[in-house]
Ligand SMILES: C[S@@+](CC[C@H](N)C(=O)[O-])C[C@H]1O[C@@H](n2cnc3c(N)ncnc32)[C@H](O)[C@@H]1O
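Next up: a single chain in structure tokens, the form predicted alone.
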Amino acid sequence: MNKDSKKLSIYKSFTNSKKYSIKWSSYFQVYEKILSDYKNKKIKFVEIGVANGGSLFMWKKYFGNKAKIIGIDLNPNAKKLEKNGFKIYIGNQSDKKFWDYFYKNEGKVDIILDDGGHKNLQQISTVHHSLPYIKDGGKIIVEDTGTSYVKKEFNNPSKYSFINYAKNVVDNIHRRSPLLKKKLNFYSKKIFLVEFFESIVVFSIDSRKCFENKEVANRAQNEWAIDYRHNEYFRELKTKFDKKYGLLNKRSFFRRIIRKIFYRNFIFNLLDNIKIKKILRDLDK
């Protein structure tokens, strides 16, 4: 852990907690970045996986007395923490019936942080079943997402990993782009932003910002801007080809081939993909 992280108020709240807790050292800088705006606000904060309760005391100290701190755990002993002013629910985060019961009792919440079992179904269920009950401006935070790459116990990597699920959510928020020509679904109507940190994924919820995108232009006149995406050398090649093989270009068979090569950029896309593959290989080094 670096010296700057140790100076953070959230880290001080962690080290001074009266109950035992374990966290990864990189988490505190992420907490400060994504949660500092909620300090001293009247919020409802939920943590899944409370263990001895050390993190509950950390959150209470960090957010202040206006915050309501709620814990969820499988261990019935966690109920003992209620004598310290926390509300504790005992239940299985993979079970839709539990979430129905929880939100029927608690209503909407501001922030839910998943530090529970870390298995794919557990993490995915938390996001999926909680999404309708997060207030606009709230967040769903999933910790220990590195388990999406761990074979032993977590059976990953796989197409059913939490990280792949999160990538699918990114695909879904792009439904707001008219270029995709897809209807907005529940995810694209609720999730405004997805942030990936090492071992943490954050979903920012705000339906007010999740509208279908539209192209807009200002009132100034377009003076010289043209579409250069396909490069000037491409146009020069086509011109030379037309001059040399003009007769072939007039015949329907060759015209279709030429259109595929030039107008659809088949060759240039192929060359681009070769370069991209070289770049992607560096990611695996």
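Just so it is clear, the model here is predicted, and its values are computed rather than measured. Note that residue numbering follows the sequence shown and begins at 1.
Note that the form predicted together with the named molecule isn't included here; everything after this is about it.
Heavy atoms within 4.5 Å of the named molecule in the model of the complex are found in one stretch of 109-117, 166-174, 153-161, 185-193, which is 109-117. Using a 4.5 Å cut-off to the named molecule in the model of the complex, not one of L8, E32 and G64 places a heavy atom inside that distance. With the partner omitted here, the residue from S199, N92, S207, N84 that has a non-hydrogen atom within 4.5 angstroms of the named molecule in the model of the complex is N92. In the model of the complex, I48 approaches the named molecule with a heavy atom inside 4.5 Å. Not displayed here, the named molecule is kept clear of K12 by more than 4.5 Å at the level of heavy atoms in the model of the complex. Within this chain, T145 is remote from the site of the named molecule in the model of the complex, having no heavy atom within 4.5 Å. None of the heavy atoms of L131 is located within 4.5 Å of the named molecule in the model of the complex. Heavy atoms closer than or equal to 4.5 Å to the named molecule in the model of the complex belong, across 167-199, to no residue whatsoever.
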